[in-house]
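Form predicted alone, single chain, as structure tokens, below.
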């Protein structure tokens, strides 16, 4: 099966085939990411480890230290430990939350450490040397455009937000802009934290508060699964569909098979962590300029194109 990937909007000069430079001393790159607390993060962890393993063979002069954290405080400790015990020259970080990680990462940047931020941005702009992420405003916009097409007469919906981060804000803003003037009303928007159990609880609250809900924007596939479980448990049949996002294989399969409750999806690949680590390695080992922003566009997945985005062997 031929695989098709969404086009990337590249605002960075990147020499993809730069040859590893010869170095006398080992250079250490730290990689700090959230633990696999939900499906997307599990896929991201998988790609991070696979990329580190591969690059340590490609670049013998590089050493990588990879840590995963279950909360923001643990991630701050991991990063401080990397600096104190491993003397890292560069840090690739996907913040668990934006605000708590901003100060510690900014301190590293000010000390001369190369900083690559992935996905969830920091609360202060300009700290990072390289930013790699999906198109979060576009992610929300694509979802909103699907809603306006699926609900031409408008309707009442609820929204499940992710963990409080800059990207969550961008997604919601893009979604709200896309549905403006469409007659679609957001009854409530609450944080489900990209977590099935949390989203189940939030959706239960929505169902108890609102006797009629036309559709749900879950904005993430794990949250969509939690929301649908709550809907099933409540026996509600007024909800037309739940739109998740990020391309979990189970959800793509349901779209591919024509499940009316899961009519579409929006891409947001967890493999972006591999892009970030590899670009950082190129920047550390060569003269190729890699600073800037690398944005991976979001695509609407429908029954017509779902097979192109279905990877049965993927961890996500």
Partner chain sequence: MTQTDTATAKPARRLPPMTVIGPVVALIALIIIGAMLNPNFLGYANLTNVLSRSAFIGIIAVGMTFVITAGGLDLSVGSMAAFIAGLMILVMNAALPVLGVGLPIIFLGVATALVAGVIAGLINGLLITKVGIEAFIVTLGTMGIYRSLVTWMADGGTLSLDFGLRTFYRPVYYDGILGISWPIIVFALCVIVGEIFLSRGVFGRHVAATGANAEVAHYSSVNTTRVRLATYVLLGLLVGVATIMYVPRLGSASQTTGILWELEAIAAVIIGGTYLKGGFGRVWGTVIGVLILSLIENILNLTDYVSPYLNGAVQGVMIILAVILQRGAKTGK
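Computed from a predicted structure; not experimentally measured. Positions refer to the first chain, counted from 1.
Keep in mind the form predicted in complex with the partner chain is missing from the figure; the text below concerns it.
Among 145, 99, 190, 81, the residue placing a heavy atom within 4.5 Å of the partner chain in the predicted bound form is 190. Among the residues 197, 129, 176, 74, the one placing a heavy atom within 4.5 Å of the partner chain in the predicted bound form is 197. For the partner chain in the predicted bound form, the listed stretch (199-207, 111-119, 150-158, 129-137) containing residues with heavy atoms inside 4.5 Å is 199-207. For residue 182, no non-hydrogen atom is located within 4.5 Å of the partner chain in the predicted bound form, even though that partner is not displayed. Shown alone here, residue 288 lies farther than 4.5 Å from the partner chain in the predicted bound form, counting heavy atoms only. Although the partner is absent from this view, residue 212 stays clear of the partner chain in the predicted bound form, with no non-hydrogen atom inside 4.5 angstroms. Looking at residue 232, you'd find a heavy atom of it within 4.5 angstroms of the partner chain in the predicted bound form. Along 32-56, these residues reach a heavy atom to within 4.5 Å of the partner chain in the predicted bound form: 36, 37, 38, 42.
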